[in-house]
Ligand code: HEM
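Given as structure tokens, the chain that follows is alone and in the form predicted alone.
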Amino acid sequence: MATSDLASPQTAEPDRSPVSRGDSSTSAIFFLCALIAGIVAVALAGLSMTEALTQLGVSDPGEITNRGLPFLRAAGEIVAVVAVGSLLLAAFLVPPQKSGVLDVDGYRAVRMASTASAIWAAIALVMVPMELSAASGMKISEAMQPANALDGLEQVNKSGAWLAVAIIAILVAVFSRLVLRWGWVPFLLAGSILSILPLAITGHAAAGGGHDYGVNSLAFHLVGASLWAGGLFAVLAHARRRGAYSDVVIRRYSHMATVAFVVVALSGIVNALVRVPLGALFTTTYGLLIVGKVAALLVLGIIGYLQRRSSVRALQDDPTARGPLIRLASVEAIVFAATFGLAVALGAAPTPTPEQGAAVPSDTAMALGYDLNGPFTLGKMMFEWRFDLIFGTAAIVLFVVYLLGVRRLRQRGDAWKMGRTISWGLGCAALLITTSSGVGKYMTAMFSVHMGAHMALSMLVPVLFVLGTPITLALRALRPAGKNGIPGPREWLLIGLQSKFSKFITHPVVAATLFVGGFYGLYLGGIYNIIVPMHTGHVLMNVHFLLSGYLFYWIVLGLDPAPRKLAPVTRLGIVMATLPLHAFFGIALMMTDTVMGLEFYNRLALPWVPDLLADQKTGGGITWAAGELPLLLIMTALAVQWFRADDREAKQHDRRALRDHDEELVAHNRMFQELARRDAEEQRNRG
């Protein structure tokens, strides 16, 4: 946390009642924004409605669906980001009480998030039959019939996605009513963001060639936009309620909004390039809508810049000067609402038809998002790269942030071991190579490459990351808030380390179960057959193996602060008991006679993989052999720790001996002398 955040509460008396007089007027503003978003979406979607129905080859489903679908989606997204922003405010923009219970401002924000999530869930449930109506051409009254609705959930991806949205939003709404402690709010924030992400796997982004880039970039786009816009709505509500710490709130939000602006802009560019050629930007409705969205983004950027120049400075000078913030934020909220409506219309518009003679995407490109040029070889692994927007970006960002932390320590005059930096850099490089080189390109198409990549993600990358001791670096590099300061990133990290949740997941049994059980449950439990055709399935598998691997090696190596402190011999026992299970899993794969993901791999029909079962057995062999290198690294690290622990203990003993003139040894000798005296006396008495 920056030192500028160490502000004292503002001097003016804020409205500290649980229900503020400004809440009703703020809700009216949000309702107006939702209305504006819906109207803009309906008006712009109407420009391409006929063309869209023609491309889909369905009959007109009626005005209720044609107008209601874009209106409800745009209005619903405004409600969804209000929930996200409110939980963001309660989690990271305003402080809780010292006891960990939410302060009044956080409580108000969480209650608003609960209401917004409930509305978002209701809209999502209505969208289920509406998407079925739009996809099939049947009237909404027919689509709402139970039999048709159930069939639609199985046949229409968008209907299923909206049902997932509704379920997640309901859970967020319910738990937001029950939460009073700050520690649970970050989980609610994650849930509110998760309720938006199913929309990334539907529509243009998830179809056709390049859909891996389309889905990943849209996920970044949705998360960035929801935090940016939702944070703005929450800050506006906080200012109108005359909440405390407004100067800190706007400063923190301003930093976050700058990052979100960059993420939204870059992800939007990538998504647009995947969907439309540059020549069609000014000649098609879809292209013109993209141009309009770019213009809206620029306007929002300018308003954000003005916010930093006027509102932030005004609140720094006088924490009660909320006027400039409220005025600019109100204008920005309206522009955001119109932009959301424009984005919904863009999603409903048909993409430009390919030019005559353009290559038709192959079955491989339709399934993976890209083509494969021949069998997997060492040359293709090294030189045929396809940058992974999620994990490749994560590798680069993690490396840069780590170096910034090291630089801050050195500027302060503190030392940091070069070996830790090298280990972290190697981990980032391993993550980048595994997901973005030829390995990452072929891992979604060949089971053998898939298993090799997942062994690297679960057993190599996490070990290197843990050896880099990032938690120690963060605790040393982040500035503490001080006795009377407002909690910031360092305090949040400490609270997370000391939480009951951390103590639970770092229990050796839990960590080992997540680490090893994931392999058995995923592949031998049948889950792999379900998720292998989906791009999001591969993303979730990568996330699981990275996180479960890091969690396991974090507690096993014991280099970073953790909720549980285990002795070296205990950690060695966990390793010896757990890692052989990987070998057993590899043997089980080599012995199985059933091809996993058979339907998906048959669809790819790669000519250089004529025997799917043989390729699967090769993957089992890779799994069986892959545990050797991580085991060697871990055993070496544990041995070094054990030696250093003994060395430290010996040095401590020597220092104590110097301080007390070896009193411990003298006392030890006295004990033996006394025992000898007693033995001699006893012998004399017997004689």
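Every value quoted in this text rests on a predicted model; they were computed, and no experiment measured them. All residue numbers are counted from 1 along the displayed sequence.
As for the form predicted together with ligand HEM, it is not shown, yet the points below apply to it.
The three marked residues, V532, H538 and V609, fail to reach ligand HEM in the predicted complex, with no heavy atom of any inside 4.5 Å.
Contact with ligand HEM, judged by heavy atoms within 4.5 Å in the predicted complex, is confined among 510 to 518, 472 to 480, 448 to 456, 266 to 274 to 266 to 274.
Interface residue remark: K617 is not counted as part of the site for ligand HEM in the predicted complex, having no heavy atom within 4.5 Å.
At a distance threshold of 4.5 angstroms between non-hydrogen atoms, F233 is out of contact with ligand HEM in the predicted complex. Taking non-hydrogen atoms only, F376 never approaches ligand HEM to within 4.5 angstroms in the predicted complex. Contact check for R251: every heavy atom lies farther than 4.5 Å from ligand HEM in the predicted complex. Out of the listed residues V312, L398, L604, V294, V294 is the one that sits within 4.5 Å of ligand HEM in the predicted complex by at least one heavy atom. For the candidate set H221, R108, K441, R240, a heavy atom within 4.5 Å of ligand HEM in the predicted complex is found for exactly one residue, namely H221. If you take 279 to 293 and check each residue for a heavy atom within 4.5 Å of ligand HEM in the predicted complex, you get Y286, I290, K293, in sequence order.
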